[in-house]
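Same chain, two forms, each on its own as structure tokens: structure 1, then structure 2.
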Structure 1
Amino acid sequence: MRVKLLLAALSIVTMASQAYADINVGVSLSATGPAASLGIPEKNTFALMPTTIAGQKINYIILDDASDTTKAVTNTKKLISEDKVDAIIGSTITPNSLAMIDVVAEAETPMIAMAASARIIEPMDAKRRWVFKTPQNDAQMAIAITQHMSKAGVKSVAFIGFSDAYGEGWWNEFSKMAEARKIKIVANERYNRADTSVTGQVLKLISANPDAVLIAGSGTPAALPQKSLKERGYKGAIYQTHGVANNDFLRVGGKDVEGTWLPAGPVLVAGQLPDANPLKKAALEYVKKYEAAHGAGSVSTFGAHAWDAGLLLAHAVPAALKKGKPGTKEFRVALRDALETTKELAGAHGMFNMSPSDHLGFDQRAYVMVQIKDGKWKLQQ
């Protein structure tokens, strides 16, 4: 009888430990360095996420990659080999996220990137099958920008972007879309995220006399070319990418970014969305939680990329738990499979409809056109 009772007790303890085994999620983000204005709201957002999913405790192990590619790779290796994480979220920026792909693919650990370039998930291959992302693709936003330019009568445009994978990705997508819409690109310049002057590049842009300029940068470094353009009297239209959609960009840009056009995720203007918009409820939920913790007007689209990563995990974990235990390869594979089958999940930025060939799954509902007016984001309908 004692043996039976002991075995029963051990069985109960075992089941309890299985029911509450921790799920560990590793996060590498850019809380310092040139991309800090993007990474800080992402870091803040993880504190708002649920501590349990489907009855399982979830731990977010957060490391700063300092906007550095090498550090992002080091973080990813540590999270996988030492912390034995079940999934990776990160990084904040495209170069770092691209560099992390080889590591997560080799370890067969699903990764959800918070960076924009379509190259993170395209073309789909054996490595990228482990990678998903939450921001709108640069390709998708390039369509929105060229569509707006065409309607506004823009015939010629100059381009200046980061001299890294983000800028190059934007150049590749924007140049294709501009050609399709018969918008002539008259200049193509680059600069580094940490540069303090772009005088030479801007003089070349202005000398080309374009109707508009597209600045393919992100965070506060994207304000530098625009301020330089204004200082030298440029009067044409200026477009930015969704990489600038936070209040730090407004603060640094000041009056020089007034009138700027950009495509953005719905969360940036959540309160201005029509009630019929299917994403308004999800976007406002995030805004409410973030501003309750950090103050009115503090919300950032970049934090919402982290929030959407959390939503994707919350959606996928219950299905994965049916096929494996946290901490095992079976669970990681099941989690990857569950992420890939996500359908009609309303996030703060868009409606997720994943497939084996599309690890973002956004459609036209994932963006709106916004203009900066009186120092604020204004939805343009």
Structure 2
Amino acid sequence: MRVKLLLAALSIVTMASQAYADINVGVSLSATGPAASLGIPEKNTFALMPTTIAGQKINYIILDDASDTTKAVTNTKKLISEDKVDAIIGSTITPNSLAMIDVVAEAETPMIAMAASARIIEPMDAKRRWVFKTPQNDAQMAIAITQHMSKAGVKSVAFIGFSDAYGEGWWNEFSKMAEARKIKIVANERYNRADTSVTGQVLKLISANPDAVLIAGSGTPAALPQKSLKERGYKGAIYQTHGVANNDFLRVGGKDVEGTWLPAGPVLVAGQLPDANPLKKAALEYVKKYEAAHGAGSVSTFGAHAWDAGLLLAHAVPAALKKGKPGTKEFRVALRDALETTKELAGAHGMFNMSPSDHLGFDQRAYVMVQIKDGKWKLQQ
């Protein structure tokens, strides 16, 4: 009982010190569980964000949802009802972010998702009015891949993807785009993130004799099919998705991933971007900050989605402050309106041009084709 009282007293004290003047941002991300390799760099990124915006102190309250949908919803409710946050950032993965939409819409709190699926912001409705997101849509990345394939003269392609939402999402987008570009899909296989062998699937892919193979997996598990393909002597082109864009993939893949093509956000090859590219400065700033804190080569594109969410907020807060005080409904509404009118804001992943119907606002500047050469990401000029 005494402990409870003490806790209550403590929370009142902390709430009192936070409730006035400070801007509170609630964050729910997947720092543990299957999406941990995405959630951890995101979590690290929040430590690098500005602590004051337009003279107001800004607090990030970070909760882990363990890649679990129920936990993400609980976190969101807790952040809104107990911490009285002005905005929510999260979650790392699509199922969690989708589940959070209802909660933030009801509480009229703007939310910025760090998950990729277009379904988070489409189709635009009364609930999704409150929801924004920073990662590129899978569709945009699928366009980049099919463009590159038809330029390279690829006529037939085999697909192998995760047997989860990621693989299915890619299959839907990619099969549509490939058909439009008259690329024939000759095989469609699935495997699990935790599989220790994909020999069966790979033999089937090879027996279909495709010009190219697309592997739709994220992180290091995407290296397994590629290793098996090389082991069985496959000589055609191999494409990966932007889900592999971190250095652990290069470490695990080794020489077997040489020559791989993938679409990615510009931040992956920030240093190689032409100086005229307006995104270069924004991307390099993030890379420098992250690597200063976590060591050279530690940066990943996933953390940059969190960084972009922070940029969007920092850009919207000054306008919102004119309309209301943090902690009030007026402020949250103004913040939402300000986010929706973001124009030509250079993020690490692309140029944000939001509109009432488009809560991502990326154009073709948000992706580049990258090839793995000598164990490094190489921008295709």
Partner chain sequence: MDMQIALLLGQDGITNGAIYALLALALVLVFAVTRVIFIPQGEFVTLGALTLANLQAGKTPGTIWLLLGAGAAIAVIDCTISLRTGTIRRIPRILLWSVAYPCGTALLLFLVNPAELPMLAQVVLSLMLIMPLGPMIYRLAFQPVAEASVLVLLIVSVAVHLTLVGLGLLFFGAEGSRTLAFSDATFKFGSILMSGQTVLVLASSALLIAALFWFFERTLYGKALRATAINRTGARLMGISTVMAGRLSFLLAAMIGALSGILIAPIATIYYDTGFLIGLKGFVGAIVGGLASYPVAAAGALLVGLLEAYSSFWASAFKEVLVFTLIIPVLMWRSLTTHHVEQDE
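So that the term is clear: the rigid core is the largest set of C-alpha atoms that superpose within 1.5 Å between two forms. One-based numbering along structure 1's sequence throughout. Predicted model, so just to flag it, every value in this text is computed and none were measured.
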| query | finding |
| --- | --- |
| Label of the structure corresponding to the form predicted alone | 1 |
| Common rigid part between structure 1 and structure 2 for Asp275 and Gln240 | yes |
| Angle of rigid-body motion between structure 1 and structure 2, smaller part versus larger, in degrees | 11 |
| Core-aligned CA shift between structure 1 and structure 2 for Ile206 (Å) | 4.9 |
| Rigid-core-fitted C-alpha displacement of Gly161 between structure 1 and structure 2 (angstrom) | 3.7 |
